[in-house]
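As structure tokens, one chain now follows by itself in the form predicted on its own.
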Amino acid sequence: MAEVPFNESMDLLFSVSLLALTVIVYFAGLWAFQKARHFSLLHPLASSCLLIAALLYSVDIDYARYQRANSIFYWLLGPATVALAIPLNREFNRIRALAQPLLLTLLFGSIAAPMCAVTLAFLFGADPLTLISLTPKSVTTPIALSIAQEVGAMGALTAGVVIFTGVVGAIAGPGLLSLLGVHDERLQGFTLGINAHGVGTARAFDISPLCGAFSSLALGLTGVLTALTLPTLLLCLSKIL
């Protein structure tokens, strides 16, 4: 049996260590979140992301290497998104009864959310590549990364913005909706799904299965609509400009 070169063995061990780091930090964040009785600012996706980012920065590990070591989790994003069809199917009759207002909300929300981000970035002097990388910000990560690759955007920036958007939406969304007088769990879920995609949907399931089902619907439809229209729209804009 051939021996594995020392450098390859060390690289494999380091990759496994980075994978273990992700798991340990996430479950530590989840434990703290549960102990704090689901205090929004301690959401595990927020706390674990910040802690891992700080650790990677302190020991000078680049993001590309960390991403390669955790590629299994990136792959699992796809099946996890598809699995959201299960709660969606359970609430299908309620969703079908509200098809028209939901579609109108979807069209407005899926356009307004990225437009706000791109407009603000433009006003602050962002370059064209950055603006393009911001356009898929309101769709779940696997779809956003596919769109970013197709339109020539920076995948790392797109992924970071998507995660940041989801975390902020999950933390601030429910409280903000309550302040605005939106207490219907169907509306809360649909709004979280459009604006905070996967992370928002996870937060919606914390509220109730009904809220989670409507968030799953919004997440899926926003992703499909954006994937179908955004590349064509950007191509047309590039030809005009």
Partner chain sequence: MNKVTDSLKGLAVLVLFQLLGECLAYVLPIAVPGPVLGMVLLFFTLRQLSPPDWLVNTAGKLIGMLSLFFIPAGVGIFFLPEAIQQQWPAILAAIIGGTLLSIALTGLTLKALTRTSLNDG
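A quick note: this is a predicted structure, and the numbers were derived from the prediction, not measured. Numbering follows the first chain given and starts at 1.
The form predicted in complex with the partner chain exists for this protein as well; it is not shown, and the discussion that follows is about that form.
- Among heavy atoms of residue 153, none comes within 4.5 Å of the partner chain in the predicted complex.
- Taking non-hydrogen atoms only, residue 22 approaches the partner chain to within 4.5 angstroms in the predicted complex.
- Residue contact check for residue 202: one or more of its heavy atoms lie within 4.5 Å of the partner chain in the predicted complex.
- Among heavy atoms of residue 180, some come within 4.5 Å of the partner chain in the predicted complex.
- Along 156-195, a non-hydrogen atom within 4.5 Å of the partner chain in the predicted complex is carried by 156, 157, 159, 160, 161, 163, 164, 165, 168, 169, 172, 173, 176, 177, 180, 181, 182, 184, 186, 187, 190, 191, 194, 195, in order along the sequence.
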